[in-house]
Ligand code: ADP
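A lone chain, given as structure tokens: the form predicted on its own.
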């Protein structure tokens, strides 16, 4: 709605709504007219047939062509047949309407699952886990280009990995494979030395927490959005997660605090506040592997620094993979991968990548210069 208002598109969008509403109204009125004519016509033809029987049968009875008993029996038989036939017509109508609905539902139910669980899934130990990619290649359905090509790396338990690269280089795709939202076309993704395709999917997604680049908030309170409605989460745990995400002071400044209703998709919150609510979820429910897709892209530098300081403390208990266009967010990672068109083109620590004088070094110097200009 904000975009529509900002670009004065109200009239065009209102016309679309009017056309859709008008079409819906016309179709419903056609149905009402058909249904409204159905019963009167049915009764009309029933009574018309009775009138014909009375006229013809009465004349034949008077002339002696049939007996009075035959005439009465025929009238009774006609009455016995009329209502069952009307009921059959009504039932056929209901069946046809039901079939149309079932066809739509059936299309959804018949859609095959893209991610299949193994018949005998393996369970992982409840401890920090390593993460490995072995010659992983992946392309999205109905596309010819690979989003990832021959990607290989390994992250030990309790280590952190940074992923950087230009837009469309495959960073977010890599995180989707770890959550098993997709399966690789070639190669394998391993968690704790077990291929993800052999693991219990429920346990996998409980152990792997994904904080997406575009946070989604439900139309509820801040508390409900952080805890997902889990009443067992204590106030102390909730406050701790909010403080780690640099959200607690913002919550306290709101009139209703944690009980503030954020509206559909968090409409009353700014982009940075929504991102921090999603981060608080990750800190609260984070499993042994924490995936962060550009987690500080919408917050200021000071807030970002506070969040990242809290984040690096998490590596004692978790394996962290962080994607960011802001290189200062990944400089403290144990290892950094630079992706370009789905291929790992550079790899190393922050200092090692600066010495390579490649994409990472050029981007780092440009961002440092930009920060210095903004600081003036």
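Everything numeric here is computed off the predicted structure, so don't read it as measured data. Positions refer to the first chain, counted from 1.
Note that the form predicted together with this ligand isn't included here; everything after this is about it.
Based on heavy atom distances of 4.5 Å or less, which listed stretch (183-191, 248-256, 141-149, 214-222) is in contact with this ligand in the predicted complex? Answer to the contact question: 141-149.
Query raised in the report: Using heavy atoms and a 4.5 Å limit, would one call residue 275 a contact residue for this ligand in the predicted complex?
Result: Heavy-atom contact with this ligand at 4.5 Å: absent for residue 275.
Decide whether residue 168 counts as a contact residue for this ligand in the predicted complex under a heavy atom distance cut-off of 4.5 Å.
Although this ligand is absent here, residue 168 would touch it in the predicted complex, with heavy atoms inside 4.5 Å.
I'd like to check something about residue 130: if you look in the predicted complex, is any of its heavy atoms closer than or equal to 4.5 Å to a heavy atom of this ligand? Looking in the predicted complex, residue contacts with this ligand do not include residue 130, since no heavy atom lies within 4.5 Å.
* Look up in the predicted complex whether residue 172 has a non-hydrogen atom within 4.5 angstroms of this ligand, and give yes or no. => Because a heavy atom of residue 172 falls inside 4.5 Å of this ligand in the predicted complex, the answer is yes.
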